[in-house]
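Next up: a single chain in structure tokens, the form predicted on its own.
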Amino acid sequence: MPIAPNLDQTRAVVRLILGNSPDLIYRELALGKEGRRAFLLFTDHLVKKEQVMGLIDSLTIKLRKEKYPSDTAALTDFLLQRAVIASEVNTSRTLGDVTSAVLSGDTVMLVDGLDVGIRLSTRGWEHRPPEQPLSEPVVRGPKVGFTETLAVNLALMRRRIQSESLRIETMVMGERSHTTVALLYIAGLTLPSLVDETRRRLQRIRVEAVYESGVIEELIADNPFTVFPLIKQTERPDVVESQLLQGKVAVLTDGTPHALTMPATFAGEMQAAEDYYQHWTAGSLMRMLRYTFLLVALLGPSAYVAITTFHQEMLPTQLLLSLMASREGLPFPAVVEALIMETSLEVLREAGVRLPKPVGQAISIVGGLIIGESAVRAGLVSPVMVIVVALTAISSFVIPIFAAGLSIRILRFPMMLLAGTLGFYGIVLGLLIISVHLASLRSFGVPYMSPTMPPTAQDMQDLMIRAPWWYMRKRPQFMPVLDRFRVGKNSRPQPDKEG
């Protein structure tokens, strides 16, 4: 609907669209010697009050004796160039633009006789300052994470990548929420086809509201029927920076500190930012431990169930006698025992997350100790099973990305059922199914199991181990980019020659 030149009519229609909400402020003004009627429209608590008061002061005091042009085009130019004070000034030609601007924190000035509105950038709502992300803490590395404000997050990225090649595109999603989403990439490095594909997937989203970046992640992923995360999510600006410098794209959503980067790989989910901030030997050791305990987190209870149920001959005699003695008199088979304990662990973990932080930690620790000890004393589970479940829970915490750890926790249950019915044959069958499924996944055209399937010899230097920085001269081969080199020649450190 276009803006009517009649100010009273425009105001009535705006009130009809926005309603009589108390946070919508209509500030009446009289402009210049002629006292031309106008009003400012803005949303309380979404604007910088001092900026709005400075605008009112300029219009009503400093320019009160100014003669405003009578011609509408000249008047519009005069308001844009001389009368209004803001870092960004635009015109709005429809009432839809006016309401969208007001609800996003801008101020709109409507003048009697003009069929356009003057849109002023006055956004200034309260926001949480950048803090260390709780889901991705590090000992060595930047202690700053994204916030719920998109403008702050974009500023953090501009601070980290001070290059003219960094491109930021914004779009609005959600039929009712009108959430601003930013697409980031590096021109001259990121493949244009990847940018176009990401943009196309974002533009075809049709939802009522974008509550969090997880909504976007679910709607643009390649395969909706997988438990594995096909898009990497992070709260750390340095992680997004490293992903962009690999030729990937990032999506930041207003209202959430969780950014999305794509394409994603399974190997990337097992890499922590701290791997690259420590010496390469320490980073490689931590990464190998991570992969080792990934198998423990997935197969720990399953292996115990298979051995105690079907393959007792695999254990040394003394260990077998100890296990059998600990299981004597138990009312449940090993698979039921494992399912009960794992379910109890997941319940305690979920309860600890939902409760207030001080109470949640106490409930998780004390509840686990009491339930485990009571179950052993009551003869419901064996002490060895408590140890196995505890070791499995600790192993799952080693996985750096929460979404990847969650997928392992989900797969643990069907693996226990297979082990309880078919023994190690069931475990092998489950691993084959998981491997085939992983090999079939793709993330924005990139095989999810890169660089292992298909194998890429050069990329193995950043898989199980983290090679020194001076050795990793080229970007990963599985990731198509326009610039392959990231480290120059002769970067290997060496002492100066004497003489």
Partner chain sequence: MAVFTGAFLGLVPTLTSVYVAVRHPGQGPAQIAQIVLGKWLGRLVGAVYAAFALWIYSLVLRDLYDFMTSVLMTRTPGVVLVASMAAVVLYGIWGGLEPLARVAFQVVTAVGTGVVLLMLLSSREYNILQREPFLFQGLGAVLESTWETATWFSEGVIAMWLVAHVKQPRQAFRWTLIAYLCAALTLAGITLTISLVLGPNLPSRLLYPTFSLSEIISLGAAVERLEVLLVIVWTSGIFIMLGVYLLATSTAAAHTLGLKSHRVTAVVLTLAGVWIVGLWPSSLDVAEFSGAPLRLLVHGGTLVFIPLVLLVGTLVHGALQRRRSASA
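Please read all numbers here as calculations on a predicted model, not as lab measurements. Residue numbers count along the first chain shown, from 1.
Separately, the form predicted together with its partner chain exists; it is not shown, and the next lines address it.
Region of this chain that lies against its partner chain in the model of the complex, out of 36 to 44, 442 to 450, 60 to 68, 22 to 30 [heavy atom, 4.5 Å]
Within 4.5 Å of the partner lies stretch 442 to 450.
So, H437 and its partner chain: in the model of the complex, are they within 4.5 Å at any heavy atom pair?
Yes, H437 lies within 4.5 Å of its partner chain in the model of the complex.
According to a 4.5 angstroms non-hydrogen atom cut-off, is G423 in contact with its partner chain in the model of the complex?
Heavy-atom contact with its partner chain at 4.5 Å: present for G423.
Any chance F310 has a heavy atom within 4.5 Å of its partner chain in the model of the complex?
Taking the distances in the model of the complex, the answer for F310 is yes, it comes within 4.5 Å of its partner chain.
Is P316 close enough to its partner chain in the model of the complex to count, meaning some heavy atom within 4.5 Å?
Because a heavy atom of P316 falls inside 4.5 Å of its partner chain in the model of the complex, the answer is yes.
Though its partner chain is not shown, can you say which of L432, M464, A467, M53 has a heavy atom within 4.5 Å of it in the model of the complex?
Contact residue from the list: L432.
Which residue among L355, L295, L289, V428 has a heavy atom within 4.5 angstroms of its partner chain in the model of the complex?
Among L355, L295, L289, V428, a heavy atom within 4.5 Å of its partner chain in the model of the complex occurs only for V428.
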